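Next up, structure tokens for two forms of one chain, structure 1 and then structure 2.
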Structure 1
């Protein structure tokens, strides 16, 4: 794949600088030719006494006084030498001897004159400097500066990846089975468009991949090119929005011209919302006209295809709601494919893809890792595999074991451990009971996910964690499940109150309270789980709530949270021995796993 900064880039830059250097040297030579005179053979140095002797012998042909302190001239060579022609000489005159020398020249009847000295070489260079600077600026303008940009401004910056160089296949993409099924038809069209044309069908002209970042939209587009064995052109939507008017439209034309020349081909435009936003909307950058010109050209190019072109446009965005309706209509983007977060099976498949090259230990259970990563994207899962390999290397192990994967997941979800953070005995005691309160509710209340680990080791985002792993992905939540979740969230503050008293509770439950408030408000305004509000959706954009309705919503949210808090207090009072046992075990061992919690439950 040829990209900016690829192997061809340095050679082009080297050639450009060679051309610039050669041109600058040529300008320097021409400037010296025009400004500096050519110098002849260097004159011989004569002392003042030697000059007087030469005058007396009649060997001096002529002389010139230079600036009143130096004599230049010609003289006959001495007898017995091989030199036949006149010899140039130069003599530095002593102070106050100019008049005496004039008399000697007059008496010897030797012609003489006077002149000012000529500029030195440095003076010539000083006069030539503006010419050199001007020449350098001109060369820079055309080689590296705006002149080169004007010459290249209409060329697309797309990258072309040939399918023969490490193609990506559908087997390299996991966790997006529905999206792959939609794209398999496009692969069939690219491989054999005539097979579908026999029945009157036409090849899809485009497919829009929409979804949150990190879920593999670009990888899916590359896999289509790899499966079909065709060329793949990729570009970013922002590359078509420039300050020069007409640049974006010219780049769009150039991109599709290249794609047609290499058909069958795929054109992939990442973050298409940068250029495909709804027309008429003002932008802060003031580039609305240029963006709309680029969008209009894109619409024309996509509508101008024929089935024989064998060029398909794939685009990716996480904001399909802001795209122009003309771009989304059938005939341009015939398919709109949602690429969402992977489910449990998909996460396990993604982990298997990214751990294929890792030496996994016998205790590794990728299904367990997948259960503990609900809501993570493919990029997050790839990062877990990489962090696990780094954790194993830090331990000096030759195998990536389950503890490494657990550490990698906790690092991504909760942040790095802060073992250097020194907590007082009171802080450790409080944190242990806070997490013990969460753990007790999670262990005894039905409808909650199993507890995976409880720890009071400080991390970047918290001083302790009660981690639960879901047994399966949940797509709907019952009222009892949400209420149990609220009880578990409020149990940390309830445990603090029971141990320290209501006047000594701390800010440690702040994040739990925020999360509980968000769940309770959704129950009231979105899920119809409040008797006073009823089954009405108040979360839309139909305008702000009235003062009366807003007061009722606030009262219902507070009632639901208060009831959950009272329930947490009641359960902790009943299970006080279990809470004390978990807290004491945390103070002794800092981290409790499922086996440790099972032992404490057996004692209960």
Structure 2
């Protein structure tokens, strides 16, 4: 469509571009002059797993922990590459991996140090100068239009570069599709607040990410910033309460002042329950006044947003139930996004994301790994990828193969193997029968997941393991399935009793019993599976209403477990030859796979 007055538009735009080009050239020259001589060669960006591999291969010369979430250091290049001499590297450390990495440095006897990330005044100036200039230029010449977009982009990029990490995108977060869909709107808003307002969208202010630790709440928050290309400011709720009175509120104020100054921006508050508990409720730590002042300040900040602020607050917690209702009111954290444990597809996706940089062998089936990791968090799965890379390096293999992933999974599930641990012959005998007991039930009782592996190689957390491989994630469980599971759990102890007599059973069944008790209790108080209790829910915080009901609950839990135990004894007596066969095979070979078990079943 032809527009009147459009003749003026293009010429203006043309001028703006010329000025922008000139400004850019100037800035580029300045930046080159200022920065180049001091920069040296840029460090190579290493993934955490690559770092672990390099460490295991003895290529790391030294490392410095920066601010507890990054490592800088020197290493020898991989053999076969053209570079000679040490190269500088930089690695972003996954959350919670510092201790782990420290241990690795100590055991590899590689020198390491630590420093805070606060750069010296000199570097500050050095880096700030060109960007200040650019900022000034941009502000001067185009406050509106594509110029503004452009300015925002460069500044964000500069920060990202300075922190040595690329922006996290939605594609780095696997699974969590629903959460991403909900966050999409916030991305849209931050990308272009004005347009969002014109389209009549209600300005998002805050969203609460709720879920167990390690499932990607922080990652999601960062990816919103990455997708929108905006600034990311983060703090933990506990930072606001562990201080002298008054400083917590001041820190909240400061955080938001910074965010506003750099808008569009995300403010991310991890563990918001530390500061956001219901007011007037005593907490275990931190002064009450201090916390309430910080919370009040947070509410004030959120209410004080004007549409032009374009700051969105994301908060994370695993206890949304304890938050002060004022936080959840309209215009504050009025949307709650659940970030749960990943399902089968999600686990496969997370494994895929974290093995992206690894050379995977042709036998690797991530779907199978995902099937064997039900109940693990995203952080656990990321850890599997790292551990597998290490296991491959230890073997001296160029490829990460299925055996490495299996080993890594077992390691994370059960602790590392303690092959050196000397067991008495009696202990081995007992463990073999205990596991054989579990395995027999898993093999002959319908409704249980297939056995993937039985082993009596001792580990940090257990002497033996019967690992099952769920065919799929189950969301509902039939009564008969739960009962079968109880029988399976009790069968370890039942086998001990049959073989050694009730006098000599051991403490080895402790975790089986704990697990079984939890299931039986749920059957009674939540699932309406006890006739004496009936179909009422007694699982709330308040528990059973009367001492009398409480006693019946206990009796019912006991009865259900006892029946499962008797059933286990009965089946083991019936299947005694199979149990003996498995136990003997375990004593001979330590680990039995699916095929070995199928063979033993065939002779039954």
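Positions refer to the first chain, counted from 1. By rigid core we mean the largest C-alpha set that fits within 1.5 Å across both forms. Computed from a predicted structure; not experimentally measured.
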Identity of the form predicted together with ligand ADP, given as 1 or 2: 2
Answer yes if the Cα of residue 566 shifts by 2 angstroms or more between structures 1 and 2 on a rigid-core superposition, and no otherwise. no
Once everything's superposed on the core, is residue 55 shifted 2 Å or more at the Cα between structures 1 and 2? yes
After superposing the rigid core, is the C-alpha displacement of residue 269 2 Å or more between structures 1 and 2? yes
Following rigid core superposition, Cα shift of residue 69 between structures 1 and 2 in Å: 69.9
Cα displacement of residue 186 between structures 1 and 2, core-superposed (Å): 3.4
